[in-house]
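Below you'll find only one chain, the form predicted alone, shown as structure tokens.
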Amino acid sequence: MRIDILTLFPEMCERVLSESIVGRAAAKGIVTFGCHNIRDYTLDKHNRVDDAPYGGGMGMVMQAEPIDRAIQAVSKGCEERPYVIYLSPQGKTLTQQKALELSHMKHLVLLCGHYEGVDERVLEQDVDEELSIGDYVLTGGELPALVLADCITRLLPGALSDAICFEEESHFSGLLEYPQYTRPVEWNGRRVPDVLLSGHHANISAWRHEQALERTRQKRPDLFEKYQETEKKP
């Protein structure tokens, strides 16, 4: 998979994408990242990529032309047009299932807005989907783009040691993950549940499922209700 990020701060993105599981996946060739400065694609002699909004108002709006030129540049030579995502608080909220869907694509372009956003015309012409990481506003789209890139990359074959590493995590099955413990067996008067020390895999599996159900019911009743509805379907 290839993921290109169009941003005003490529160094910020490059640093994060070179670390941890994501960085190791890139080193293995499982994913290729490209972080591109949108300013490199402006025709303005002062490297400006924004201007005042028509109709008045506070702030500046990123211009369509340099963004479109950047998208065309990273698409050049590709067998098929990449899927372009604009990170925006107006987009649909990112979910684990959406990340799984996107992980099957060959080439993604993630557009990071800034200031008061981008010219609506480039969204109409070039963007396939808008995604948000939550109902709040950030300074720019870089952090959401990095969240999305991380979420997708760890789902790619070979990024983690085994698919079970993410299949049992929160949200993958519709439930939150069961509690986890490690050494020592007892800490500050709190003991690891005996079932986890039993070595009985069937009992451990059953306990973990029960805990996942109860944890989801308590912490995320909305997810629990949705899970129950799904389970009732034939």
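Numbers for residues come from their place in the sequence shown, where the first is 1. Quick caveat: nothing in here was measured; it's all calculated off a predicted structure.
Keep in mind that the form predicted in complex with a small molecule is missing from the display, and what follows is about it.
**Student:** Can you tell me which of 68-76, 140-148, 153-161, 95-103 lies within 4.5 Å of the small molecule in the predicted bound form, counting heavy atoms only?
**Tutor:** Stretch 140-148 is the one.
**Student:** So in the predicted bound form, does any heavy atom of residue 85 sit within 4.5 Å of the small molecule?
**Tutor:** Residue-level check for residue 85: no, no contact with the small molecule.
**Student:** Should residue 122 be counted as a contact of the small molecule in the predicted bound form, where contact means heavy atoms within 4.5 Å?
**Tutor:** No.
**Student:** Decide whether residue 116 counts as a contact residue for the small molecule in the predicted bound form under a heavy atom distance cut-off of 4.5 Å.
**Tutor:** Yes, residue 116 lies within 4.5 Å of the small molecule in the predicted bound form.
**Student:** Would residue 109 show up as a contact with the small molecule in the predicted bound form if we use heavy atoms at 4.5 Å?
**Tutor:** Flag for residue 109 set to no.
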